[in-house]
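Okay, so here's just one chain, in structure tokens, the form predicted alone.
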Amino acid sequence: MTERTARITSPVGPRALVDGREVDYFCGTSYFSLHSHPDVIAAACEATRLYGVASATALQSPAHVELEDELCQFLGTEAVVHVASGYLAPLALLQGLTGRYDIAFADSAAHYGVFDGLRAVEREAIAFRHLDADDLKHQLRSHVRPGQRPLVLTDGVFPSTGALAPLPQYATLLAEYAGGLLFVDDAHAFGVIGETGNGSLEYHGVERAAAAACGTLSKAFGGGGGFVPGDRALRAAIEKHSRVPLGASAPSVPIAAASAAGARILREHPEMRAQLWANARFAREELRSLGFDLEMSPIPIVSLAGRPGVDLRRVHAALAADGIAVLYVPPRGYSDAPDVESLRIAIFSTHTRDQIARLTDAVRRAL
């Protein structure tokens, strides 16, 4: 999905230096610009001074202990397992769920980490059509044998389009099967949606008793690494069945400290989420006025899909010439990218309305 030719030479934020030029920056996943927040940077620097760059030991550093404590407070869970990356979090969770499911069903556009995790655990997996609860219902009825416990896997928020998975519908379907379990890769939702920032399950009001989720600290939280929240039993199961925490070194000390600071800032300042939602709604309203078919939602990922007679590569170049950075995504250019070209626009809580209005005006002139 990403374009590798451009180079950013400043911290990520609503304004950034790209190829030596300051631009309005609508790329990436730093939805609260916490990667450049002074308190996050200070926490990383202080932890490095005190404990070094990496612990180089199986023992936990104070920065890693603090991170797990902060995540438990933020997520309201008994325990959390912190792993090397968000990409590895689905695998750790799948291995932790060993013995709790018999057959898996995954959204056909789920993130690569979901499908790589399924291959690693060597379980039968059936793909259902993207975001299609009716097809999931058909696949469940066609493949689940008596006594089998199905596991349904999906992203909570899809990374290219910002689409929300219909989790309540999936949960209703799973309720028909004893032991049915919903699995959500919530990398783009934790910290972002839900009244307390607890992701897609909270946003949709889906009961957690029959659901499990994993996430990443590299997006909303301004840090790095993946995590699996849950109770102590789930943590024990991951420790027993997964080699991910053992075999892949934990994120470095400064990254752990930065992540802890980011989680604390988001917990203490819920108004940041309110501002993000307001910016996302405003951006969607503005871009809908140009004729793009966009759902109104608080998701800060806006996808402008190609339409007849419009060359989005040319639009992308015109925006760049106007000092506005967005991401051009070729057809099927990422796990959930549409079959046509698109522009992915990331909205931050720190963008001003003037910036969003400039973006809309630039798109209007480029069409």
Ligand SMILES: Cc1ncc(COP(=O)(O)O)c(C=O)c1O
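From a predicted model like this one, the values you see are computed outputs, not experimental measurements. Note that residue numbering begins at 1 and tracks the sequence as displayed.
Although not depicted, the form predicted together with the ligand is the subject of the following passage.
Participant: Please check if R273 has a heavy atom lying within 4.5 Å of any heavy atom of the ligand in the model of the complex.
Facilitator: R273: no contact with the ligand in the model of the complex.
Participant: T77 versus the ligand, in the model of the complex: is there a non-hydrogen atom within 4.5 Å?
Facilitator: Contact check for T77: no, nothing within 4.5 Å of the ligand in the model of the complex.
Participant: Under a 4.5 Å heavy atom criterion, is G86 part of the interface with the ligand in the model of the complex?
Facilitator: Yes, G86 lies within 4.5 Å of the ligand in the model of the complex.
Participant: Check T216 for me: does it contact the ligand in the model of the complex (non-hydrogen atoms, 4.5 angstroms)?
Facilitator: Heavy-atom contact with the ligand at 4.5 Å: present for T216.
Participant: Even though the ligand is not shown here, does it sit in the model of the complex so that Y25, A280 and H351 each have a heavy atom within 4.5 Å?
Facilitator: Negative, none of the three is within 4.5 Å.
Participant: Of the listed stretches (230-238, 250-258, 179-187, 192-200), which one has a non-hydrogen atom within 4.5 Å of the ligand in the model of the complex?
Facilitator: Careful reading of the contacts points to 179-187.
Participant: Taking the ligand in the model of the complex, which residues along 147-166 bring a heavy atom to within 4.5 Å of it?
Facilitator: Residues within 4.5 Å: D155, P159.
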